[in-house]
Each structure stands twice: as C-alpha cells, then as structure tokens.
Ligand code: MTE
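Below you'll find only one chain, the form predicted alone, shown as structure tokens.
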Amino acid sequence: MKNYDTTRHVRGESLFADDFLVPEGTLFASVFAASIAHGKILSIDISEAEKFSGVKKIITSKDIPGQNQIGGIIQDEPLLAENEVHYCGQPVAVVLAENLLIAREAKKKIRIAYETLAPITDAREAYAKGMLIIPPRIFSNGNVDEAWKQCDVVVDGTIETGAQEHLYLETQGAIAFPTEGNGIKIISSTQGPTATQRAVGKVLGLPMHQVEVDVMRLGGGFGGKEDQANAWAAMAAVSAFVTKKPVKLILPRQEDMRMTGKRHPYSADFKIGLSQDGKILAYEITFFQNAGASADLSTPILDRTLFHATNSYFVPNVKATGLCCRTNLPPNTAFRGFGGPQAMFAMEAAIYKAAKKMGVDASVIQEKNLLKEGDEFHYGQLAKNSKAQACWFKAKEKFNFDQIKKNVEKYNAENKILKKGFACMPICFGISFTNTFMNQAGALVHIYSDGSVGISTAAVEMGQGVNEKIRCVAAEIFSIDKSKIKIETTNTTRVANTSPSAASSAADLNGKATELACKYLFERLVSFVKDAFNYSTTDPIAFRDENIFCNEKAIGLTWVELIQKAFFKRVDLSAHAHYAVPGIYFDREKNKGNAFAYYSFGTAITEVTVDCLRGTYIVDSVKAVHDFGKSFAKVIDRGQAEGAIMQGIGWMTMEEVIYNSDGKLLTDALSTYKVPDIHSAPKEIEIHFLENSDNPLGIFNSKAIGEPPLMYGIGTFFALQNAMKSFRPEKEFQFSAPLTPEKVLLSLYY
C-alpha cells in the first residue's frame, strides 16, 4: 500500500505543529503551573520574572479579554487559575520571551503563596463527600431486584482499573498568529478543530468566524487531544492577541504528562446472578469514575461506560449506575475506547468470578450469553446484524480453542514454576458519538482544471490512516490514480461546525461526506459528457482507469481531457456535501433509544506464560477474529487492530499511573512510566477478517476500527489470572489493573 503519510513519516518529511517555520518576532511560551493539588491563591508575584532579560510579557487570568473559561460541556474549567488551584499542574500564568530557554528560566522567578487545602484523589472518597459533577446516571432494564430470586448462583465483587497516559509522540502545542481585524489564526495539535475554535473565541471574546484553526496532522492523539488541546491553543491565542505577536507554545514531555488528564481510573462494585446452566439473569453495577478537577469529557465518557456495561452479552435484567466524581487530579479525558474498556473489564471480572464459583471455565458462560440477532440492550436498542456468535465460533474453530486448552493444561501439569493461562475476550462496541448531534460531517471537493483533486474534510490525520481512506474514496468514484488526489489540512474556514476525529467515526462520517461530494461531481460530469457527445439520457457513462466509457466502449476521452473540456464549458468543478448518520436518537430522560449506527464485534484468544517465582510474564499470542465489515484498506485496518491490542495490553499489564496522597504525579517521565515495547509485545498477533460481513452504514460497507480492538487487551489480564490460579488454586485474586509483575508477585505470595 502506497500511503502518502507513512512514506513521509519514514523519511522524516511530515510536518507537525513544532515543525512550522515561525516569522521573525515570534514569542515563545512556557506555562507556570500550580505546585499543589488544592489550595487558595493568596498572592502571585511576577515582578522578578518580568525583569528577566528577554521576557516580553507574563499572561495571567487578568489579561484574558473574554471569559476565563474553556469548559466544553460543563463550564467549570478556567483557562488560568484565579483564586484557587484544583490540581498539581494547573496552569496559572504564561511566560512569553524571545526564546524558549529564557521563558523557562524566567518562570522559576514567579512566586506564589497558597493556603493549602486537603486534596481528594480517590473517587470513592469524593463520592462520600458529595463531590459529584452531575447527579448519578442510571441505565436499567427489567427488574434486578426481582431477578435475584430466580438466580441459582450470585456473586459480587469489586474492580479497580487504573489511569493510562496517552503518550502521543507529539506533545500538546499550538502556534497563534494575530490576523487583520483583531482576528487570530492557530496552528494546533487538536483532534477537534471546531472545539478549539469555540474555546479560543470564548476566551478572546470573539465570534467564531474571527478564529481560524488549522491542523496539518497529529503525532498521535488517542483522545488526549480531543478537548485537552483547547487549553494550549487558547493560551497561545490570548498571548498573541495581547502582544500582537505570533506565539509558539509546545509542551515539554514531562510538563505534558504532569498537566494533562489521562484515561479515567474507575472503581466499581458488581453483582451478577446466573441460572445453574450458566445463563446470566441479572447484573447490577455501580461505577465510581475519577473525573479529576473538572468535567472535561467525563460525562459522555461515563455514558459510554453505561452503554457498554454488558459488553457482548444479552442480560435481561440490568441496573448500571454511574457516578462522576470530582477529585483534585488533572481533568481526566477521552482515551481510545472512551469509557467502554472500564465497563467491559468489570463485566468480564463478574463472569470470571461466577465461573470460578460454578467450577467451569469463563468461556462456558461467555459462549452461552453472546448476543443474538434481535436481542435488546439495556438501553432499548436491538442488536441488528449481530456478529457476536459468528466471531466467537470462527475464533474457536480457526485457532483450535480445544487444542489450546489441552496444551495449557498439559504444560501446567508438567511445570511447577512456569504456568500458562489463556482467556477469551469477546467484544461488542457501538459506533457513533453518543451525543446524536455530533454524528455529522462535511466535505469540500475541488477538481482543478488539470484534473488534480483537492479534498477538505473535518477528519484529522493522527496516524490512523483516515487521509488514505478518504483518498481511496475519491479515487474509486472518479477512477483516477491516488497521486492526483491531495487531502488538504483540516481547517475551520473550509469545513465548519465539525465533530472531532474521535469515537472511531472519522472515516465513516468524513468518508461518507466525501463520497456524496464526489458523486455530485460525478453526476455533473456524466451530464456534461452526454450533452457534449449527444448521448441519450439512458446511455450508461462510466469512468475507468482515467478513461471515459459509454456503453462499455471508450469514447476517446481521458479524465484530464474531460475536466479541461468541462472547465471551458463553465461546469462547476467544486462540490460541498454534508452527511448525517440516519436513524440514531437517544432520550436522555428515559435513557432509551438507538444510540449507535451499528456495532463492531470480535473475539480474541490470548495465551500467556507466567514465571511464578519472579512474577514476570510474557504474552505468547493474541489471536482474534474481528468484524471489519468489508474492509477496503486491509493494511490500515490490520495495523489499527494490532496497535490497539498493544495499547490495551499496556493498560492492563504495565502502564501504572501513580499519584501520591498530595496529588502529585510520580510517574511523570519515561523512566518511571512503562509502556509496551518490542520485548513486551506478544510473540504472535494474528488478526483474521470475518468473512461475509456487510455494513451499509459504513463507508464502502466497512466498519470502524480505531477503538474496538483495544478491548482485546482485557483478555490478557484474565489469562494472567488463570496462570496464577494454576499456581495457587486456593487463592482469590483481586480484580485490580494494571496487573504489573510486582502485583503478580505480591498476589502470589501475600
């Protein structure tokens, strides 16, 4: 596959925000942040910093011309702290200097006095003290209270899942330029250009049309730049607006890790009831979500947790309660899966515990409860075109599940210290933004007079290959070589009112909009050919390999010649299209509706080997059958699945975010925060594309791929626990992730 972006990444030619040449006179910004997690600001003394040679200006909340507020959903997040600080790393001031070194040195001269207040870092403590961002959210179906009476087996328990650092290769950053008429232009590393535009407009007191946001590409996002990019763009914008100079603000890695939110840590209490034959009859769960100091995207993330509470299973009686708890940590935010992984981990833990009580493997319960066509989710939507069972049974057949089980049992019988474990992980993930209005996109397509094509959409390329997919859409419709197609930067002046590149929806939404725009142009060109060559209105015109055909015969006209003729005849060679996902809605009063356009399904089987003397382990293999629909970019899709699996394994096994009791991040560097590397990758990853799957609501009948495979990583946790159980069958292990080697060792012996 010839991928424009991949080729330039390898050559080091790709441009990111920090690579843009800035004009003479540009100021460089460094952010001064709070050093405590909670306290009142008694005084801020910037006088010594202002005197530092090379410093041009220090921005505080007093300099903000509009509102000191960047909260997107809930207005509870100041851009710069005013009277109080609510987490370590909260921005207080921005130092602007001739160069970055001066700015960093000068901010050390700022003096701030606090009245320290006791911080809250634990979600359960926050709940006990009434620190909720919104009232409890409850999704339910059936009657769990009555259902318990019908259950033969009932177990309960607690799960804990940790945070996860996004660790995008490109840190947060933006460059802001003052423009004519008191406007502002921003080159931003953001997944949501419109959200950034809106936030900047608010803090500057400007209408959105005076704020232009442009994004070339991101060096990774994973959700961490969906809303959290807004703050850094807004700080750069305020600085440029006040000084009338361009301002560049790029966070160093350690500051990025300290100042930005992570995947939400969750604590949850579950209770599950089953019949004697393993059918799940009732499931009740309460999620304690650690939102951090402000709402950010916590409320829709909590909603998706509730949507995915039952994972890939049909459960007739469900009560899922979500508690959005405010703590004194950086505001936690979107991360690949957006609350779904935490819910699925809890469900799998409940099944695992029930299976141990019943004396069966968890796969027995999993298989008996997989979604069938027409099953109803606890929020009222029906499982249509369900591939849950198809993926499960294909995985068992293709990867020889029975043989895996026998091999593991044989190995464990023959080895005292090294133990193997395996686990199955089915997934069902809804594709759509859960806020219905966000499921829309626009595309602007220009055919230039030489036959080349430029496409603007709201999609942000961040390594997931969305630009290549959009290029494929246009190439297919026009039947031209992809070298003739350029995907423009994502810019709020060309495509307005955009949704972020998130929720696995960027390719679907923007690909569909591109398809519509290209079809408008195609039909326009077909009409021109019929008029120019006096063909009948019923004669079929086709474009094939950059040649034009009528009734399957070449008419002696190439694509370039057609465009030139159309141009000279004043045919409009530009088209804008808007796409809105049909048939989705959700009643937030009743918590019922069709929240998702469709679902992505799959099943993975994971094998691990644990050294029970040292607590270390390796992941032997992850083998998955995944429902891609009809993939039209298999190399991209396979790469996304493999990358997601690795990120999921990292979250479940080694990526441990640690704050101390004072709310200070201890794992704030790559020396203290461990992410998967080549040595921790599975020895084998095999992805099988489910055959005979169709999806009319996806672009070219494909299915979204960004988030769903991450949940396969959850299987690694339970495979490890199975290996540990083989070594210590009498022990009951906690459901606490990540399951680091240290935790494995302590769990085995203490």
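When you see a residue number, it is the position in the sequence shown, counting from 1. Source: prediction; values computed, not measured.
Below, we refer to the form predicted in complex with this ligand, which is not included among the displayed structures.
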Identify which of 347, 652, 462, 619 has a heavy atom within 4.5 Å of this ligand in the model of the complex; exactly one of them does. 462
Contact assignment for this ligand in the model of the complex, among 604, 507, 213, 200, heavy atom within 4.5 Å: 507
Choose from 45-53, 684-692, 699-707, 63-71 the stretch whose residues reach within 4.5 Å of this ligand in the model of the complex, heavy atoms counted. 699-707
Can residue 326 be called a contact residue for this ligand in the model of the complex at 4.5 Å between heavy atoms? no
Do residue 136 and this ligand come within 4.5 Å of each other in the model of the complex, heavy atoms counted? no
How about residue 266 - does it come within 4.5 Å of this ligand in the model of the complex, if we only consider non-hydrogen atoms? no
Since only the chain is shown here, I'm wondering whether residue 336 would be in contact with this ligand in the model of the complex (any heavy atom pair within 4.5 Å). yes
If the criterion is a non-hydrogen atom within 4.5 angstroms, does every one of 466, 502 and 640 touch this ligand in the model of the complex? yes
Is any part of 213-233 within 4.5 angstroms of this ligand in the model of the complex by a non-hydrogen atom, and which residues would that be? 220, 221, 222, 223
